[in-house]
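Shown here is one chain on its own, the form predicted on its own, set out as structure tokens.
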């Protein structure tokens, strides 16, 4: 590979993965330092740092201050779950999308939501509930709280035509999220909204999205019976 081909952190990451895969750098081996790699690849040290940091976040490398960077002895496979735009998820299935905003209010969240958002009890949030439909049938019921301290512009949105899910992804940057999956028996309210039977098994996703240490939103998504989810994971080299 020529120097010109090492012009991005992604190409450096690919080369590091190749060397690990062919055991040029076996599990537990200390790899060259950033300055030496930058000289070898003909790029800025910051570019090497970005590549190695991404691999460390993926569990492929272990980085310790003053101890260097080594190949993980037991790389961890990590699943990746994207935050989907529900409209695109439905149309991607070849179904017609429809959306109904059911309620919208600025109010104080219940204690459970306050705990999940990590906010003070006296802070008001925007509470939006909505139903997303696929070809006329209920697809997912969205119960969302938006932290107006982090996303103040949300207070100006009616969410009558555009869902909070779609607006937030388009307008509010986020760094990471916490996701909980559960199989639950549909409550009377969920069953009514989703047009199913009380106690019917439903798939529930609870997600908190963050901008560094500030929570943006807590969403509970309750899907109609029969819904499934697909994730991606990386295997050890």
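Residue numbers count along the first chain shown, from 1. Heads up, when I say rigid core I mean the largest set of C-alphas that superpose within 1.5 Å between the two forms. Keep in mind the model is a prediction, meaning the values are calculated, not measured.
Although not depicted, the form predicted together with the DNA is the subject of the following passage.
Peer 1: Is it true that 116, 147 and 178 each have at least one non-hydrogen atom within 4.5 Å of the DNA in the predicted bound form?
Peer 2: No.
Peer 1: Quick check on residue 172: any heavy atom within 4.5 Å of the DNA in the predicted bound form?
Peer 2: No, no contact at 4.5 Å.
Peer 1: In the predicted bound form, is there a heavy atom of the DNA that lies within 4.5 Å of any heavy atom of residue 212, even though the partner is absent here?
Peer 2: No, residue 212 is distant from the partner.
Peer 1: Report whether the minimum heavy atom distance between residue 34 and the DNA in the predicted bound form is within 4.5 Å.
Peer 2: Yes, residue 34 sits close enough to the DNA in the predicted bound form that at least one of its heavy atoms falls within 4.5 Å.
Peer 1: Would you please decide whether residue 189 lies within 4.5 angstroms of the DNA in the predicted bound form, comparing each non-hydrogen atom pair?
Peer 2: The answer is no: residue 189 has no heavy atom within 4.5 Å of the DNA.
Peer 1: Could you spot which one of 29, 205, 185, 44 gets a heavy atom to within 4.5 Å of the DNA in the predicted bound form?
Peer 2: Contact with the DNA in the predicted bound form is made by 44 alone.
Peer 1: Superpose the two forms on their rigid core, then report whether the C-alpha of residue 49 is displaced by 2 angstroms or more between this form and the one not shown.
Peer 2: Residue 49 C-alpha, core-superposed: shift of 2 Å or more.
Peer 1: Is it true that residue 222 shifts between this form and the one not shown by 2 Å or more at the Cα, once the core is aligned?
Peer 2: No: residue 222 shifts by under 2 Å between this form and the one not shown.
Peer 1: Any CA movement of 2 Å or more for residue 61 between this form and the one not shown, core superposed?
Peer 2: After core superposition, the C-alpha of residue 61 moves 2 Å or more between this form and the one not shown.
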